[in-house]
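Quick heads-up: it's one chain on its own, the form predicted alone, in structure tokens.
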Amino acid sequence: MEYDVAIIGGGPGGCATALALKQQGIAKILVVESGCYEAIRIGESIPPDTRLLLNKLGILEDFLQENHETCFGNCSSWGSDTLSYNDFLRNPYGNGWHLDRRRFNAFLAQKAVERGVEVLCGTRVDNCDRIPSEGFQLQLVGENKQTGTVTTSFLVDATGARGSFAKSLGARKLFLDRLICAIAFFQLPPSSHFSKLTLLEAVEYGWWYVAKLPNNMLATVVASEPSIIKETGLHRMENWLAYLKETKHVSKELADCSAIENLSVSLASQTKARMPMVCAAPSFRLDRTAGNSWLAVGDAASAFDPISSQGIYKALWDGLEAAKAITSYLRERRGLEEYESLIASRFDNYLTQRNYFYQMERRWPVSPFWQQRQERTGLEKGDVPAYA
């Protein structure tokens, strides 16, 4: 099987790239997704102007029919003990959304299929070899261990923060930060009228975040340094709940809610994940995000601090820009340098905003967490290899 473009990873970045490539007139596109869109994913907020990107991809009206949870803005205790509010009431693009991530990812994949993209679920890339002057050859392994070989003129790494294929092609990560998040879910009582604002509260050892999800659930996250998570035992539910009770605002919002101690890991499995779920939340960009017949999108190219709530927006934006670069490269052997420049420039803009935001919090001047956030304002040092 031969393809113009093969995309490794079927999340928002990968599917957005496939959709945008179809709009550019690229015919033979393959998306290889290791899962089957059944795993329960952590919800994520997206801002109102995401509708511009969804509209460019030609899927806005279909997305609106999905009826994800409305988000009217956020409130935060950051730099002060009192709550401040930033709502979307005057935003020209209307409200934002709290996504059901599993359903959103499956929706994007379905839209890609409807537009003629081949999506292989439950399939992993076992090996990737460069073919001189022709692209890449991929060895695929399916759920039932069946194997196959495909060739592609262009390869897209959309494997998330792992960035496994970009790494194998010589790219390396330039880190800014390495947060750890401990996440648990709560069930709202049937009569609850929980605010459709996200809630953010800074504490001495990090920050807490609460967002409403479908099915009357809340996602509650505490983010901190890996060493602090270990020392405080925030990776254990009893300690996590004890620290939660000490918060000023989050604990009040969750007072009538019941903690979900075990959550199904997928729709098709009875396996339960114990709470809290602990995951890495690094902030970095690749020293190079494109090369000879390949590029990276989404979190494979750069990852932002989760406090920015820009992960999905960034993935969709990357997909649109990547499609233009790939099309230009396939037709005229140019366009990748400009894509790299766009990714680097966007990360610099994020860096300025992130540093400003963390500098605002001055209540705990000797706290290791806040000291490190305020001192660590740039990427790690190192030589960036020449474009190849």
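On a predicted model such as this, the values are computed, not experimentally measured, just so you know. Throughout, we count residues from 1 along the sequence that is shown.
Just so you know, the form predicted together with a small molecule exists too; it's not on screen, but the next bit is about it.
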Legend entry - Partner-proximal stretch of 308-316, 236-244, 77-85, 185-193 relative to the small molecule in the model of the complex, 4.5 angstroms, heavy atom: 308-316
Inset, instruction - State yes or no: in the model of the complex, is some non-hydrogen atom of E201 no more than 4.5 angstroms from a non-hydrogen atom of the small molecule? - result: no
Inset, instruction - Considering only heavy atoms, tell me if E33 and the small molecule come within 4.5 Å of each other in the model of the complex. - result: yes
Inset, instruction - Evaluate G96 for contact with the small molecule in the model of the complex, applying a 4.5 angstroms cut-off between non-hydrogen atoms, and reply yes or no. - result: no
Legend entry - in the model of the complex, S45 touching the small molecule (heavy atom, 4.5 Å): yes
Inset, instruction - Check each of W294, Y209, F284, Y205 and return the one that places a heavy atom within 4.5 angstroms of the small molecule in the model of the complex. - result: Y209
Legend entry - Heavy atom within 4.5 Å of the small molecule in the model of the complex - the one residue of A255, L89, A280, I131 that qualifies: A280
